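Just the one chain here, laid out as structure tokens, in the form predicted on its own.
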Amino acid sequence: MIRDPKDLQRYTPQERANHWVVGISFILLALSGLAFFHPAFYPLTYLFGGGTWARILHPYIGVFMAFFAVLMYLRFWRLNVMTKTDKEWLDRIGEMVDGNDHNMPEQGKYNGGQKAMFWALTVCVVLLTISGVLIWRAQFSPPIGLVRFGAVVHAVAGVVMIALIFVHVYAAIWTKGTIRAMWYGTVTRAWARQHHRAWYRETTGK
């Protein structure tokens, strides 16, 4: 793909690698987790070499994802602090959904919806990590009451995070030009002006 040298850099190679490591790890966790959640999904364990291997690998992949999720949080949390403009954007999200985004409040690098998604996913990762430790019986032995509570929290947080990821992917596909930012790290100036005008002015000085 030939890209215009005037395109703006949105993500560095390190940021993109961090994103894909977390994303791929979560896909593996979702597939193996669903296999444990209901017998109808058990055939998914064959992707990991069978039920035993899926059960062994799941928590270790979880630790791996949690580590890189922390790195991603440290990279991006300052850019995702909610502002008054972001709240106004969220109040008018109906206009965005209807395709009328030209009069939306000017946004920085991330809009209110992206910031809300960031914090919701962060909460889910924290809940999954803590509850995952509670139910990791091979390494820890908490009281059975905590194990049961952890199992419920883990399942609920997992389902919520899967739903959020579907929304995240759909939004990226729906907003044309967004996916290339995570593939190649750049966006066109027209895309930046339309969707993130404040960030465009900050980046270009225009």
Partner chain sequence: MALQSLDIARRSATTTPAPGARQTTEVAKLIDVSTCIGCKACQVACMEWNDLRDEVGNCVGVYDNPADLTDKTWTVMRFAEVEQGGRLEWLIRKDGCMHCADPGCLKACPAPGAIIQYANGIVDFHQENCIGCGYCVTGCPFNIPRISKEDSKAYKCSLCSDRVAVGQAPACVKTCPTGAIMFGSKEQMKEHADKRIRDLKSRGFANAGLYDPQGVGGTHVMYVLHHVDKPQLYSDLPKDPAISPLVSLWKGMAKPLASLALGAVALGSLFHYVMKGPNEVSKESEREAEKEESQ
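Residue numbers count along the first chain shown, from 1. Keep in mind the model is a prediction, meaning the values are calculated, not measured.
The following text describes the form predicted in complex with the partner chain, which does not appear among the structures shown.
J.: Going by a heavy atom distance of 4.5 Å, is residue 125 a contact of the partner chain in the model of the complex?
T.: Residue 125 lies outside the contact set for the partner chain.
J.: Using a 4.5 angstroms cut-off on non-hydrogen atoms, would residue 196 count as touching the partner chain in the model of the complex?
T.: No.
J.: Does the 4.5 Å heavy atom contact test between residue 68 and the partner chain in the model of the complex come out positive?
T.: Judged by the heavy-atom cut-off of 4.5 Å, residue 68 is well away from the partner chain in the model of the complex.
J.: Residue 19 versus the partner chain, in the model of the complex: is there a non-hydrogen atom within 4.5 Å?
T.: Residue-level check for residue 19: no, no contact with the partner chain.
J.: In the model of the complex, which of the listed residues (34, 47, 57, 27) lies with a heavy atom within 4.5 Å of the partner chain?
T.: The residue from 34, 47, 57, 27 that makes the contact is 34.
J.: For the heavy atom contacts within 4.5 Å of the partner chain in the model of the complex, list the residues of 6-22 involved, in sequence order.
T.: Read in sequence order, the lone residue that approaches the partner chain (within 4.5 Å, in the model of the complex) is 6.
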